[in-house]
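Just one chain follows, in the form predicted on its own, and it is written as structure tokens.
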Amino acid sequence: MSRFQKSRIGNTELAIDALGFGCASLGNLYHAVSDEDATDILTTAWSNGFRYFDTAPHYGQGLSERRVGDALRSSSRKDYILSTKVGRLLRPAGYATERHGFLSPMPFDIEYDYSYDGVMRSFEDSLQRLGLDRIDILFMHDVGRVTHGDDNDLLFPIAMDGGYRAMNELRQSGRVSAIGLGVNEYEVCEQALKCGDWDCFLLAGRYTLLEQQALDTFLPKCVERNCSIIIGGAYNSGILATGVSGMGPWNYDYGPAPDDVVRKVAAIESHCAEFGIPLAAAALQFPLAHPAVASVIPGIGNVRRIDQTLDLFATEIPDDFWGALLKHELIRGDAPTPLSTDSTSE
């Protein structure tokens, strides 16, 4: 049984945990994880109450989906919520030591396809790799300029026409319960709101302790449309987990952290030290204060990180800490915090 508070996804009947499990690391992201260790990680996560798992064909070119499916089939586990993604088809390509950051032995490479047929093919392929008979949430993966640059001018209309039509059919037929986008930019989600009826968005790295620009227009529109947000990348590629008091290197947004980001993290970190709380705890808990945010899904790549993540999630953070960040303009004044959320509920 799940140990976490649940939130309903959009207008659906689906409810997910406030803390989920991001499965990119199980596709050997940046370092190899053995099959045995992957099984141990997922078994330990299950025994500790994790019930929402997010994966994708891209994660290890099918490796993460295979491992997640194997774990969820074992012991007849049924009370899980599973999300995966469409937009990339896997094609035979021979073996390689590394592709797209994944050290995976799977002999495939990716082909972008956001068309109706491509989405339907991707969905069926994922069911086969997972070895499961259902997928609960289906995300359109990495449509947008961050991934495609100017090519997105061609790809986005295809995605919002044929791709959306396929996903909507899968939802209407009951083969999935919710549909959305899984991306690293809120702007494309806001654009997509004009093109279809989406239940949720998986937004990585764009609503965190470091970044709150999504508050300008996007998150208010999600509240208005009752469209839920699942937060990936709450640590902004690691800098909000490690802090900057050590020697580095410090990673932000999949690359070296610029000086202004390092300075801001250092300022936040100093307040964490003052109040005796881990920086990573504040980073993990902050996004959940926004009414549109249903879940946060940190990536977990080893068994030790499971207990660490649970401890961070359960850390009690004083109201005065959030007040200090607001006072020193380290987070936006209109950003909901656990302090403002608790105050409005009284």
Ligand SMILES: NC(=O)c1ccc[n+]([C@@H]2O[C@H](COP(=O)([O-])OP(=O)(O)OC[C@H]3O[C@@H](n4cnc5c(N)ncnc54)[C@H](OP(=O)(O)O)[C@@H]3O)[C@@H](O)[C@H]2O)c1
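Numbering starts at 1 and runs along the sequence shown. For clarity, every value in this text was computed on a predicted model and none was experimentally measured.
Absent from the display: the form predicted in complex with this ligand. The rest refers to it.
J.: May I ask you to state whether G238 is within 4.5 Å of this ligand in the predicted complex, using heavy atom distances?
T.: Yes, G238 is a contact residue.
J.: Is there any non-hydrogen atom of L202 lying within 4.5 Å of this ligand in the predicted complex?
T.: Yes, L202 lies within 4.5 Å of this ligand in the predicted complex.
J.: Would R305 sit within 4.5 Å of this ligand in the predicted complex, counting heavy atoms only?
T.: Close contact exists here: in the predicted complex, R305 approaches this ligand to within 4.5 Å, heavy atoms only.
J.: Can you work out whether E65 and this ligand are in contact in the predicted complex, taking contact to mean some heavy atom pair no more than 4.5 Å apart?
T.: E65 lies outside the contact set for this ligand.
J.: Verify the flagged residues V183, G299 and L312 against this ligand in the predicted complex: is each one within 4.5 Å by a non-hydrogen atom?
T.: All three within 4.5 Å in the predicted complex.
J.: Go through 127 to 135, 229 to 237, 167 to 175, 150 to 158 and give me the stretch that gets within 4.5 Å of this ligand in the predicted complex, heavy atoms only.
T.: Result for this chain: 229 to 237.
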